[in-house]
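Single chain ahead, by itself, as structure tokens, in the form predicted alone.
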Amino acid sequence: MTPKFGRGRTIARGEDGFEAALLGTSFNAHDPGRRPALIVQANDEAEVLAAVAQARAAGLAIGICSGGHSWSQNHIRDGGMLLDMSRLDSIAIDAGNSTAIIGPGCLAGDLDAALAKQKLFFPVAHAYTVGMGGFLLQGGFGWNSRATGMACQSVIGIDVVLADGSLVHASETENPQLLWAARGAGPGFFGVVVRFHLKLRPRPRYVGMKAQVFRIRHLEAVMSWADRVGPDVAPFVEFQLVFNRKAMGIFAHGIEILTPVLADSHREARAAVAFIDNSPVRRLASFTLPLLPLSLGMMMKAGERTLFLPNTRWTADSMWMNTPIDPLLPALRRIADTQPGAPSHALWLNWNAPPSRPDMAFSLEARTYLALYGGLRGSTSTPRDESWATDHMRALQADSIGIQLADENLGRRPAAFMAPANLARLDALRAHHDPEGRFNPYMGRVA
């Protein structure tokens, strides 16, 4: 497993180590300026229970962090308690029953590595160092989720500390409303999950990726083609296009077509990505890589080394869209033309949601997902760079049906992130289980 921090402690604002501990809870190197009164680095379940009791006695609101990959740094608030759950990172796999029990601080890459040894699979996050706690609560765009469903659909139970200090289990048959809320409430969940119970699957026999790269001048042709073929792409293929100032191979502004594929065989995988070789825009490509076998671990680490660099100030924003591509092309061109330097990037994801999902808080998705990740390094950025993601998403609001909590920007641009009926149901559950507002709500929201 990836080495973690040393044993946790409780640190009050102003004490030695407070600043390092606070900023160490965030993958985003941006300092939001907000400061809690207290940081509790819990080491186990007993310390979580004690922390919630302390917050109740002192009248403190609680923010929660598991892996720290919140782009918006939702867990860092002014005043109150920051409960750091990163040390609760246990992994217990029951291969015979195809289940696992993990702590919220467990990293996606560590879980996948443990499952790979037993030929089991769970749709973990795409980046190795994402904490599974926040990932699962917000829904979970995981590996192969177009085929297997959102990761939260495979959460079969949680153990959660509620605002009144009680520790309860929730499943389909025991406290089912809590499980309903945990499947998609994200940073607005009203409790501290200390364990997630997961349903596992057999591991796909073949994992690989095919890639193709175009120079940015071909944006309109490439995006139009991708939008046309997207609905017919096999669900076990992750068809995504990335605008990158240092695109693979050309080290210049380009569009990377990345198609990870998780299939039953190499033959099935090759047939599923043949649409790339047979496309009318292939002649425009700078190069095309063949389908190559790659482990999920390798792809997760490669992404973090090329796109999600450390020591980077990030602003992300996202939207779900059903709009056809043609009226969006001018906006996509403006996004590309104003794109800050690497590692800033834009993601266009072919999603094509299924007609129905299980009943759960997660309830907003569409045909296409567009996300902008403004990543700034050093001191040369301009105000336009700082607001690139927010400004372009705001300009496209008329074409959006809402956002995804994985890439929320609610503090800067409130937007819908849940079906209205589901949000009303979630609010009613929060009022019942957390009437005093012990747990921080979303930083911004619209009904």
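Quick caveat, the model's predicted, so the values are computed rather than measured. Throughout, we count residues from 1 along the sequence that is shown.
Keep in mind the form predicted together with a small molecule is missing from the figure; the text below concerns it.
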I'd like to know if Lys210 sits close to the small molecule in the model of the complex, meaning any non-hydrogen atom pair within 4.5 angstroms. no
Do Asn74 and the small molecule come within 4.5 Å of each other in the model of the complex, heavy atoms counted? yes
Can you work out whether Pro187 and the small molecule are in contact in the model of the complex, taking contact to mean some heavy atom pair no more than 4.5 Å apart? yes
Spell out, yes or no, whether the shortest heavy atom distance between Phe141 and the small molecule in the model of the complex is within 4.5 Å. yes
Using a 4.5 Å heavy atom cut-off, indicate which stretch of 260 to 268, 291 to 299, 220 to 228, 188 to 196 touches the small molecule in the model of the complex. 188 to 196
Ok, Leu376, Leu178, Leu111, Ala125: which has a heavy atom sitting within 4.5 Å of the small molecule in the model of the complex? Ala125
Given that the small molecule is left out here, which of Trp348, Phe214, Phe308, Phe121 has a heavy atom within 4.5 Å of it in the model of the complex? Phe308
